[in-house]
Each structure stands twice: as structure tokens, then as C-alpha cells.
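One chain is shown next in C-alpha cells, namely the form predicted alone.
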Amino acid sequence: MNSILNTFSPLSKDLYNEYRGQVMIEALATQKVLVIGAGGLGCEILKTLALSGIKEIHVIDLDTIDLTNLNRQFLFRMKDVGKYKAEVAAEFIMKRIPTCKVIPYTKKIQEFPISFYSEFPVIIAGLDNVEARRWINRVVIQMVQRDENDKVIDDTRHYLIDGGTEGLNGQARVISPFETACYECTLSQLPKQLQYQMCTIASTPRLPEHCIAYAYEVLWSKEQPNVKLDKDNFDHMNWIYQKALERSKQFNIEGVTYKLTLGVVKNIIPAVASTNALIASICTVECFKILTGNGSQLNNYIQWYGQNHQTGVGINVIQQERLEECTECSIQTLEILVKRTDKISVLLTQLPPDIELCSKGQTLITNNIRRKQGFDHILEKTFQELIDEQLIDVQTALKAFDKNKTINVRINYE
């Protein structure tokens, strides 16, 4: 890695070429990166970051290690089953690479304040669900600050690198708030979850999946009305498999297997270690380029096809466009005229219900009934008092947000 940081590159940023060499090597050693997720993809990302010279990595994952993880999540061993993934991964890496400090967290990402995320110039997400991706996407957008001319202050921009894998296919993307399309901009492009019509399942099954779905959706509740289905219980899943097999024979349908039964019931897409390694390497390279300025960063979405019936193995880079109507990165600006002697509570009368008003990454006041009481002491303060206490800045817009939108609130003083 040191040899790379010593090399001049016409594709790199001017700042990198000016300070390449020992200065850049020392600068990289001071950077810290946040990784969200320590599963199949997360393990690979953590390993690759540590081997790339990142000296401090923070990792969030509240899941514990299951026996089924061991075939591809290589940082874990049999003795680790039942332990927290983040803690075991951190211990393993620091043992192998003593110069790398890994700090684990075993809480939900929503439990951390925005100020926590603002510590990291780059956040890498190896998540397995849409809602968590939407949430962290909102966080990186909320951290951006603007100057008095409503221009983005570059130093407040934090990058989100999002990776994901499905079997032999995978994707990675770089989200630079207000420069590239955010996750919300492309939400409509996500494939819909596969569902089967009940009439087809019950009356005219044609696929092995239909037989499995019938056993799962219909027969279990009918024949086991007092037993809650446990998708991790072998006896329960084997019962579904056997019933689906009987139905498939009744309709002369081939292809019902226990593995397929797990896939239909648990909506599992087989995880492939080599795909995780490939996507993790792309995420790490993009992180390295952002932190050092070495090379042109991805603009802004890359797809890896390890199994495509039309094109075979291949890779595709797409520049996704920002959505003008995006509820996250197409932010409305609201200007409000007040006196410095006014109490900040006057803002709540001019903002939508359930809104939270933030300053410097922290919630200042809120309209949310369940949380409002905790901010009563702020509501009684005047704007001048908040300025004197450095809770707000005269020239910086505040951010108001709820579950549907974000608003830049620019305060003008009489």
C-alpha cells in the first residue's frame, strides 16, 4: 500500500499528488472508518480494510453468530457460536493485525446519535435490508451543512459506500450527498419481493415453489393451529418439506427439495463467499480513494454479474441520476424571520407536526409528543442565549426532519 501512496497518478486529485509519499501514508493512518454489518460481506470488508492500512475501524452489528454462518463468515469459529459478531470479528482482526484497532458495537444503528456518525469521513454499509439502508442514507444527508449562500460545506460531507450480494451477483455504490444519487433516489428501481397468488397456490400449482408456499401458508396453520412456526427449527421445516413433496407428487411437479423449502420459507438467497470478497474489495478500494484522493472514485454504481443467463460473467458501471422529487436529497429551504429575543419555541408553530429540529448534528427541539418533554429546557431559551451558548450558529441553517422529508431552516434576525 505504501508503494501506491508514493506513486504519481494523473487520475488522482491534485492534493494527493502534492502530498503523496510519507505525508499521505501518515495521514491515512489517522483516518477511521465505520463498517455497519459483520456478516458475510462485513467480515470481508473488515479484513480488507485492516490489510489496506486503516488503523482504526468501528463496526456495528447486533447479531450473534449462528452455526450456519461458519461456512462463509471466516472470522468466526465453532467456539464463537452464540457470541456477538461485532465483538468476535474485532477480537480476531486485532489478534492477526495488532496495528489495527477495531471497536465493536452491539446496538441498533438507530440508537446512535448523529454526532457519532459525524466522526467518520466514510461509512461502509454491508446491510441486508432496505429500511436500514434508507436510515443510514438519511443520516449522511443530515450531516451536511451549508454556508450563508446555501452552498454545501465540503468538510461536512460524509460518504456512504453501500455493498450488497445475492448469490453470485453483487453491487456496490458510492453516495456523496448532494453530488450523486442517494439511496432514496433509486428506491423505485428495487425489484419487488416475489409473491405467489393464493388462487394459484391452492388450485393450480405449476412450480415446486407453489407446493412449498401452500404447505407453508395453508397447511401449517390448518394442521398445526396451536404451534408457532419456527423457521430455524429442523422438525418444523422438515414438516413443510414433506407436505410440499406430497403435494408436488399429487400434481406431478418435480423439483421440491429441502434446500428449496428453506429458500421459499425464509426467502433465502444462497450466500457465496467469493462474491462477498469481490464486492468487499470494491468497497475498500472506493474507501481508500476517498480518504487519500488516489484515483477517480466510482461514479456511482457498479454491478457484478457472476451468473447472468444472457451475458454470463460481467461487470457494469452506471451513473445514476439524482431524483428531483427525492424526499431526502432534494431538500426544501424555509426562511423564518425572528427577533433574537424570541424564544426558539416560536419555530414549532411554523413547522410540520412530529418534526425534529437539529443543530450541529444534535436534536435541538422537537414537536414529537412522546419526546417533547425532554427538550423543555431548550424551548424556554431565546435565540440569543442559544447563540451565546454555541448551540446554534448565526450563519448556519438548522435542519428540520420527520419520516417523510427534510427541511433546511434558515433563520433571519430582525
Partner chain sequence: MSSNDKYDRQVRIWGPHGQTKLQNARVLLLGCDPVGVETLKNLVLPGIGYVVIVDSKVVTESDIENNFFIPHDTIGQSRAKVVLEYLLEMNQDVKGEWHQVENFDVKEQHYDLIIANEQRFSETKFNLIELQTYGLVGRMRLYSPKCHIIETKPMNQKYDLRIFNPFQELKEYFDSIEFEGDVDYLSHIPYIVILYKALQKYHKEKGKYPSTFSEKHKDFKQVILSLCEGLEYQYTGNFYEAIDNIDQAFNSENWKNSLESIEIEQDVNEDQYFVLISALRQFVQIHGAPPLGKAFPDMKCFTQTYVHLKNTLYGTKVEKDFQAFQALCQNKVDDETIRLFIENIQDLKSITYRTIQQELQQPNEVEDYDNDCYIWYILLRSVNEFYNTNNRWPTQEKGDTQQLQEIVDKQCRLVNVDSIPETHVIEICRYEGAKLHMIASVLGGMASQEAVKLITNQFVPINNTLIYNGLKSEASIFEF
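Numbering follows the first chain given and starts at 1. Note that the rigid core is defined as the largest set of C-alphas that superpose within 1.5 Å between two forms. Computed from a predicted structure; not experimentally measured.
Although not depicted, the form predicted in complex with the partner chain is the subject of the following passage.
Note on the partner interface in the model of the complex: the residue among A271, I109, C326, M143 having a heavy atom within 4.5 angstroms of the partner chain is A271. This chain lacks the partner; the member of K228, K222, K95, K151 within 4.5 angstroms of the partner chain in the model of the complex by a non-hydrogen atom is K95.
The chain is drawn here without the partner chain; in the model of the complex, the stretch among 155 to 163, 251 to 259, 212 to 220, 123 to 131 whose residues come within 4.5 Å of it by any heavy atom is 251 to 259. Using a 4.5 Å cutoff between non-hydrogen atoms, T204 counts as a contact of the partner chain in the model of the complex. At the 4.5 Å threshold, heavy atoms of E44 reach the partner chain in the model of the complex. Under a 4.5 angstroms non-hydrogen atom cutoff, the partner chain in the model of the complex has I302 among its neighbouring residues. Contact annotation for N137: none of its heavy atoms lies within 4.5 Å of the partner chain in the model of the complex. Using a 4.5 angstroms heavy atom cutoff to the partner chain in the model of the complex, all of S52, L75 and I315 count as contacting.
Although the partner chain is not shown here, in the model of the complex the stretch 6 to 21 places heavy atoms of T7, F8, S9, P10, L11, S12, Y16 within 4.5 Å of it, in sequence order. Once both forms are fitted on their core, the CA shift for C100 between the shown form and the other one remains under 2 Å. Once both forms are overlaid on the rigid core, the distance between the two CA positions of H210 between the shown form and the other one is 2 angstroms or more. When the rigid core is held fixed, the Cα atom of F112 travels less than 2 angstroms between the shown form and the other one.
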